[in-house]
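Given next, in structure tokens, is a single chain: the form predicted alone.
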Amino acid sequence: MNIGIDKISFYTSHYYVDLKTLAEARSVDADKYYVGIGQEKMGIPAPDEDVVTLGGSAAYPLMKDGELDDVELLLFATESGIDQSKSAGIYVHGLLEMSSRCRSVELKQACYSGTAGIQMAIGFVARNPTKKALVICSDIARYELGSPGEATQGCGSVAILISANPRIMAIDPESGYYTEDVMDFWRPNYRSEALVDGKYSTMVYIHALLESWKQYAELSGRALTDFDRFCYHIPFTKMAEKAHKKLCRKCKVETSAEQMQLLLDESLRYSRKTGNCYSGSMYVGLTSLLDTADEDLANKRVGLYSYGSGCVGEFFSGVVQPGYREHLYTDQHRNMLENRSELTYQQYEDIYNYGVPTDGGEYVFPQYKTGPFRFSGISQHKREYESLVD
């Protein structure tokens, strides 16, 4: 029995900053961002948008299509948690009007937790083949103004339906994974902005890739040349390119610039426009690959590398299923990205400094452009959400 991705839907905010605007404000050449890190835009969430509304909006098309009726497990992966106790997935469960017969928990391990959710969901479906699991990866990447990581900010969510006999991708059983306790990136409870040691994090990312690939290759017997495409965790697109070059060098596989473009470019297109989506990052890449590939990818094997600072890395793979294009939300994704509103630098800074109140008072938030759901306010220390659909 094959188990894997039955549906996949991606969502990002309606607002963005073009990195040439940020470059001008920071008095640097725009190519530092466009070429140096391979990013063009960064998604900026409105004050009434958070990981719950992002996640609910990503899963909303599945709700509309009746795809959530058999879901009995909801796993919400994020490193942008909103509560120390209650899972953000519980809020989404309510917004999506899902069945009460459903387990729901939140998962955390930096950008890796979405992949942990996928693997846990596969185990659930293996025991319950007639049921499905919903994994939501939802995050807001936020760094201090003027910091080295500022240009890699972004936001987005990916909703992934896991089932038996999947219509989009069957996940291979082999997997290589690696854990090591490092401090390359972290965000203490008392901070809203992450701390990062960029150069060190790049080194750990590569080391975890090589170690997890080694395990995967030993278990599967596959070589690097057995893959038709690759998707990597994408803190910025140049990181994915650098990682693949390192892996090719380690495996003594010569890869031309043209081959690199074929293997990676389609998976990087959305991320250039959204910025880092943390736990959803690699799955934004997978969505981009499936949506934008000119070639029919049916029966093609895709290598998948997920990395979470701190650190955990995992290399696994999947085979794209025949007829997968009929089950994508390609037009919806393209329309969303093409119809966002660009912010001026001052608008970006104003939104950045609009912090969610923490004094326990009563607040009603102004309405901006969001998806079908919005974060409407706070009352008696309780977050309140509003559905904008009938």
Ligand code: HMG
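Please read all numbers here as calculations on a predicted model, not as lab measurements. Residues carry their position along the shown sequence, with the first being 1.
Keep in mind that the form predicted in complex with the ligand is missing from the display, and what follows is about it.
Proximity of residue 207 to the ligand in the predicted complex: non-hydrogen atoms within 4.5 Å are absent; the residue sits far from the partner. In the predicted complex, residue 176 stays away from the ligand, with no heavy atom inside 4.5 Å. Mapping the unseen interface onto this chain, residue 106 falls outside it, with no heavy atom inside 4.5 Å of the ligand in the predicted complex. Looking at residue 242, you'd find a heavy atom of it within 4.5 angstroms of the ligand in the predicted complex.
Here the chain stands by itself, but in the predicted complex one stretch of 345-353, 53-61, 31-39, 324-332, 31-39, has heavy atoms within 4.5 Å of the ligand.
The three marked residues, 232, 283 and 317, fail to reach the ligand in the predicted complex, with no heavy atom of any inside 4.5 Å.
Of the residues given (92, 158, 111, 75), 111 alone sits with a heavy atom within 4.5 Å of the ligand in the predicted complex. The listed set 148, 221, 129, 123 contains one residue whose heavy atoms approach the ligand in the predicted complex to within 4.5 Å, identified as 148.
Although the ligand is not shown here, in the predicted complex the stretch 302-326 places heavy atoms of 307, 308, 309 within 4.5 Å of it, in sequence order.
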